[in-house]
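For reference, the chain that follows is the form predicted on its own, supplied as structure tokens.
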Amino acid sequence: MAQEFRIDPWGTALRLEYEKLFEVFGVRPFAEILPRVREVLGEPLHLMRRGVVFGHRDFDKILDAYARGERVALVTGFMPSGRFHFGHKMVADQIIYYQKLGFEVFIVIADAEAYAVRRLDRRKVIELGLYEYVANLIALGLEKNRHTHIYFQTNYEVPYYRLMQMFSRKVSMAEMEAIYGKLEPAKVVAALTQAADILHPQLDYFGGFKHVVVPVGADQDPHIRLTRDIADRFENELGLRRPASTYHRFQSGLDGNKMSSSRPEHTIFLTDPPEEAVRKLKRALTGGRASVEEQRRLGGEPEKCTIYEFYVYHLIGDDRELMRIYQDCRGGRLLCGEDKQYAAELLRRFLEEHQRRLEKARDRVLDYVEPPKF
């Protein structure tokens, strides 16, 4: 059955059947371990509490290691193929949450993948990596400390590159095509590079972190599955262990499809002028009914509303306030025009404050990461 359902981590699919990750690939519901998260880590991140982080592989083992006082690490990354938008912010929020808990943090800027797979201009990719991705991470609250490591894929340490070469020995093309479908050389290299990104913190050279978690979007699970298999094959030779992972839902674009840098009219970027962002938001798809009378009578459908999703993912921190909006929408007391106006004000205030921090952050990016030499 798994071969009948493939996920393309490089694709542009608008929707993903999340339940297939449970049924076909053995991902576990995150809700099952939420009480343990509270017990070990304290108050869960809002994305965890609200079901945006919906699945995991072996995150319970990360919690056990953390509870025992053992060293744990987080690995995640960004492919700088376009401007930094609210879908990227979901990853940033998780990074900062774990950083505050004391996790060792490894953040990869996937410039090699952007160049080879997306076929983007190399200098542009590096510029985006620095002044969109690293700068926005700083503005959102990422701290500079000795436990946080940011690197470009084309500018790192020799043992990292050695891993890619070694991994190629124990993976066949038939296996990779069973996971990914038909592959070109650039994607083969990208997949092995991602495995090195995820597993390299376990080497003594990089700190010897045997408990590693990777928070990713649901479409990245093929990379996790390949990496876990590679870890098994190199357990005796290199002492590698399977990484854990968590999975979050896609951020919807304003038309209800997937938010993407390639669809700027339906995407809100953290560098959008606030008035432009508000203009986009006010055209967003909602869960409203065909008429005011029908909405008052039947109530709205917040589960289908991109405005409500923005509240859940980004704009409202207080769960009680979020529930009030949900109930008012469901009960027909909150109409879409009023709802959009409220969301627009929250969005405007967030962007104005964020962009003030971003201006200062851009002056600090080279304190966090060394760009490639060429």
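The first residue of the shown sequence is 1; numbering continues from there. It should be emphasised that the depicted structure is a prediction, and the values quoted were computed from it without experimental measurement.
Keep in mind that the form predicted in complex with tryptophan (TRP) is not shown, yet the notes after this line are about it.
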Task: Contact segment among 107-115, 170-178, 135-143, 294-302, judged by heavy atoms lying within 4.5 Å of tryptophan (TRP) in the model of the complex - done: 107-115
Task: Interface membership of Asn155, tryptophan (TRP) in the model of the complex, 4.5 Å heavy atom rule - done: no
- [ ] Decide whether Val216 counts as a contact residue for tryptophan (TRP) in the model of the complex under a heavy atom distance cut-off of 4.5 Å.
- [x] yes
- [ ] Indicate whether tryptophan (TRP) has at least one heavy atom within 4.5 Å of a heavy atom of Asp221 in the model of the complex.
- [x] no
Task: Ala244: touches tryptophan (TRP) in the model of the complex, heavy atom cutoff 4.5 angstroms - done: no
TODO: May I ask you to choose, among Leu163, Leu240, Val75, Leu128, the residue with a heavy atom within 4.5 Å of tryptophan (TRP) in the model of the complex?
DONE: Val75
- [ ] Identify which of Ile95, Met79, Ile230, Ile268 has a heavy atom within 4.5 Å of tryptophan (TRP) in the model of the complex; exactly one of them does.
- [x] Met79
- [ ] Between 169-195 and tryptophan (TRP) in the model of the complex, list the residues on our side with a heavy atom within 4.5 Å.
- [x] Gln194
